[in-house]
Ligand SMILES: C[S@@+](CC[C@H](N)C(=O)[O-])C[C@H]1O[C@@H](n2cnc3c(N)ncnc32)[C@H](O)[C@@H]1O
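Coming up is one lone chain in structure tokens, specifically the form predicted alone.
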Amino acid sequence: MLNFYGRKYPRNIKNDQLKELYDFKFFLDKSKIKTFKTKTKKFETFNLEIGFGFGENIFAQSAKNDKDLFLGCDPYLSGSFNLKKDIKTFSLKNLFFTNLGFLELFEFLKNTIFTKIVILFPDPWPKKRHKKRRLINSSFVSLLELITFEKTKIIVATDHEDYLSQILYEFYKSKSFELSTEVIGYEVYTCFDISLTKYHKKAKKSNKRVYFLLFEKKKS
């Protein structure tokens, strides 16, 4: 199981606020995730965002595509409070989210196939001794193979060149995915209508180059 580092809970959060979040019907803890599929039968298209951060993109996507289902996972709860507020304000019915990390969530996703998987600015863990903490590795890509099909699109964004090299290499090693040569770079951002997130803004402010990658399942 992947360890998590850093603060999972926002500062000054109160116990009653945590209880309201855990009781919120669109928030999926371990007990509620078990019955998740029974709530989603009316949706034909499933989308997953891994590490949704503050929730900017997954909220915007779900608001624009109310016939699609969106599931987001992020072990850090700051974004969960944002999503709870937005779901209530806009009366969304197609957006579910959890504080389970992807590796833990995967145990509940067996036999679930996603049409689109989005991973925006995963933590690059830039220090050499911390690289083992990175989300995208060969084991991670192997798990993606089990929840995707020929039409699945996997969108990844990073502003860290060393992590970019690792991401490209891990998907290259896989016999299941290939990098799109038709939609490349910022075309991925515009083509899939990705929203500007906190970490994207931070990269732009620092004049860092942002890399958007589109991986597709190879035809069998």
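What you see is a predicted model; the values in this text were computed from it and never measured. The numbering used is simple: start at 1 and walk along the sequence shown.
Keep in mind that the form predicted in complex with the named molecule is not shown, yet the notes after this line are about it.
Chemist: Are all three residues Pro126, Ile167 and Tyr211 in contact with the named molecule in the model of the complex, where contact means a non-hydrogen atom within 4.5 Å?
Modeler: Zero of three within 4.5 Å in the model of the complex.
Chemist: So which of 142 to 150, 88 to 96, 106 to 114, 69 to 77 is the stretch with heavy atoms within 4.5 Å of the named molecule in the model of the complex?
Modeler: Every other range fails; the passing one is 69 to 77.
Chemist: Since only the chain is shown here, I'm wondering whether Phe81 would be in contact with the named molecule in the model of the complex (any heavy atom pair within 4.5 Å).
Modeler: Contact with the named molecule, no.
Chemist: Could you tell me if Tyr199 has a non-hydrogen atom within 4.5 Å of the named molecule in the model of the complex?
Modeler: The answer is yes: Tyr199 has a heavy atom within 4.5 Å of the named molecule.
Chemist: With heavy atoms only and a cut-off of 4.5 Å, decide whether Val156 touches the named molecule in the model of the complex.
Modeler: No, Val156 sits far enough from the named molecule in the model of the complex that none of its heavy atoms falls within 4.5 Å.
Chemist: Is Ile50 one of the residues lying within 4.5 Å of the named molecule in the model of the complex, judged by heavy atom distances?
Modeler: It does: once the named molecule is placed as it appears in the model of the complex, Ile50 has a heavy atom within 4.5 Å of it.
Chemist: In the model of the complex, which residues of 128 to 143 put a heavy atom within 4.5 Å of the named molecule?
Modeler: Just Leu135.
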